[in-house]
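In structure tokens, one chain follows: the form predicted on its own.
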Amino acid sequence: MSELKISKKQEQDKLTVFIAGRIDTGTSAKLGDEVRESLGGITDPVLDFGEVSYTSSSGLRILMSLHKTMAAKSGKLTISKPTQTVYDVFDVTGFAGMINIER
């Protein structure tokens, strides 16, 4: 089973979630749960993907769910610093055009 490390930094209404490892079937639910539990009062969370080496379709589903949750709150989910490998997945699947990505 792959390991996913998640840490969070919250300053008032700003939340940054630092993620390291692989986002796959075994870890995507953990990511979704960790982010959702911290969204109270947050409108524009940032997921720092600088140390994410891989994301599977289950990871993409979690990201789309989080994106929809924030859009319903008139907020915006941002993915920052994705590795080239992960960005390529976003690009090929069309996520790069749907979710705010800061390279």
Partner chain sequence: MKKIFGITIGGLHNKILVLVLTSLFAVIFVFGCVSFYQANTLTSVVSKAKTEQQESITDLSENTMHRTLEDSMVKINALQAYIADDMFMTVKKDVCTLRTLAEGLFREKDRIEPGKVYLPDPANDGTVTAQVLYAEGVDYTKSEYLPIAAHMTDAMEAMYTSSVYSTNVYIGFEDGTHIGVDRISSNKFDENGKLINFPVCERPWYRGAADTGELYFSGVMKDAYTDSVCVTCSAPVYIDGKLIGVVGIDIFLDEMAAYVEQSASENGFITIINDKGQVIFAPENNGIFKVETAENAEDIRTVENGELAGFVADAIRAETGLRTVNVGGRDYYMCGTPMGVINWTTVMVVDRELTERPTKALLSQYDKINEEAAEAFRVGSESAAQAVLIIMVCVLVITVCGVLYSAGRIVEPIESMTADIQEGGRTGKLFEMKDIYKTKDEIQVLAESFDDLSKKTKQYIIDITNITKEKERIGTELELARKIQADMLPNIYPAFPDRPELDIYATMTPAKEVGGDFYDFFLIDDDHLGMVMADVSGKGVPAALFMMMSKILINNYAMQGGSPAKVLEQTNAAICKKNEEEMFVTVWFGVLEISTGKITAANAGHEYPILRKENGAFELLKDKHGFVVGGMDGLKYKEYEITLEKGGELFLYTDGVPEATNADGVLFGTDRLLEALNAHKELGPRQLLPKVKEAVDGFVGEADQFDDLTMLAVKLM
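Keep in mind that this is a model prediction, so the values were computed, not measured. Numbering follows the first chain given and starts at 1.
The next section is about a form of this same protein that is not shown, the form predicted in complex with its partner chain.
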Handout entry: Proximity of S57 to its partner chain in the predicted bound form, heavy atoms at 4.5 Å
Key = yes
Practice task
Find out whether any non-hydrogen atom of S65 is located within 4.5 angstroms of its partner chain in the predicted bound form, and reply yes or no.
Solution key: yes
Exercise for the section: Verify the contact flag for V89: yes if a non-hydrogen atom of it lies within 4.5 Å of a non-hydrogen atom of its partner chain in the predicted bound form, no if not. Expected result: yes
Handout entry: Non-hydrogen atom contact F95 with its partner chain in the predicted bound form at 4.5 angstroms
Key = yes
Handout entry: Site check K8, E37 and T78: each within 4.5 Å of its partner chain in the predicted bound form by heavy atom
Key = no
Practice task
Counting only non-hydrogen atoms and a 4.5 Å cut-off, give the residues of 9-29 close to its partner chain in the predicted bound form.
Solution key: R22, D24, T25
